[in-house]
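Heads up, the chain below is alone and in the form predicted alone; it's given as structure tokens.
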Amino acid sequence: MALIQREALDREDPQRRVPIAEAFWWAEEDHGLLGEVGSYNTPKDRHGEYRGGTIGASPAYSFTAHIADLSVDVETGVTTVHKVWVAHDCGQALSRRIVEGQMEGSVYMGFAEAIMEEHVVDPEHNGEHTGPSLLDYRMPTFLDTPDIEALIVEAPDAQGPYGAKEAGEGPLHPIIPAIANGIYDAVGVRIDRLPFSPPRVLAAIQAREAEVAAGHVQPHKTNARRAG
């Protein structure tokens, strides 16, 4: 299927035309960076009249679903997230590339909270942070980050700007329980404290093994593909 070439036309002589990108280049050469300013207010019937009532208010509610494919090493407790699929209802996608970027960035942030990032304060040193720099505070690099597939679901909402809802924070939260459920599916342990670090996962596995040995719980049907 051939791509449509967008063009800028001379209104007085439509036969005179240039590619739209070239028209923007000319305009910026003559007038500087092009831009536009706008604003949007949440409808009053969606929030209170008190001061600060609009903070966090949303004219419409978005929906997100995540699937995480991961594996757990039962000998070390290391959890490796291989791929994440994120489907997000953003209303009308005003810019699909930006929405996809927001979704991917949200998944990255939630994945980082789930697997690595931890805010630890040392009570013996007047509340000093034990990881005061990015050399100590672990954050995932490109090599640590799983493949992310963003699936945009469009259900425009009349109360949103041009039918849009949101795509900035909604796609962040579900990745954490998706990873937690994946760990349970792999090795049968529920972890409710972040991050799902190797020592924490390994301790949970060993605790469950002890309960199984004592006859307190039934063995978990391990998913061999996800537990190493």
Partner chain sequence: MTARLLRFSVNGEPVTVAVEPQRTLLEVLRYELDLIGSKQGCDKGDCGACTVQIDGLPRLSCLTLALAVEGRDIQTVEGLGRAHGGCHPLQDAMDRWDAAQCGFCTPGILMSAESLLRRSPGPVTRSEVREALAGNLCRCTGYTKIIDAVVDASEQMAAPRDETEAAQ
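Numbering follows the first chain given and starts at 1. Take the two forms, find the largest set of C-alpha atoms that superpose within 1.5 Å, and that set is the rigid core. On a predicted model such as this, the values are computed, not experimentally measured, just so you know.
What follows is about the form predicted together with its partner chain, which we do not show.
Taken together, Tyr108, Ser133 and Met139 are fully in contact with its partner chain in the model of the complex: each brings a heavy atom within 4.5 Å. A residue is said to contact a partner when one of its heavy atoms sits within 4.5 Å of a partner heavy atom; Ser95 meets this definition for its partner chain in the model of the complex.
Contact annotation: Pro156 falls outside 4.5 Å of its partner chain in the model of the complex, judged by heavy atom distances. Residue contact check for Ser71: none of its heavy atoms lie within 4.5 Å of its partner chain in the model of the complex.
Although the partner is absent here, Ile148 is a contact residue: one of its heavy atoms lies within 4.5 angstroms of its partner chain in the model of the complex.
After superposing the rigid core, the Cα of Ala21 is displaced by 2 Å or more between this form and the one not shown.
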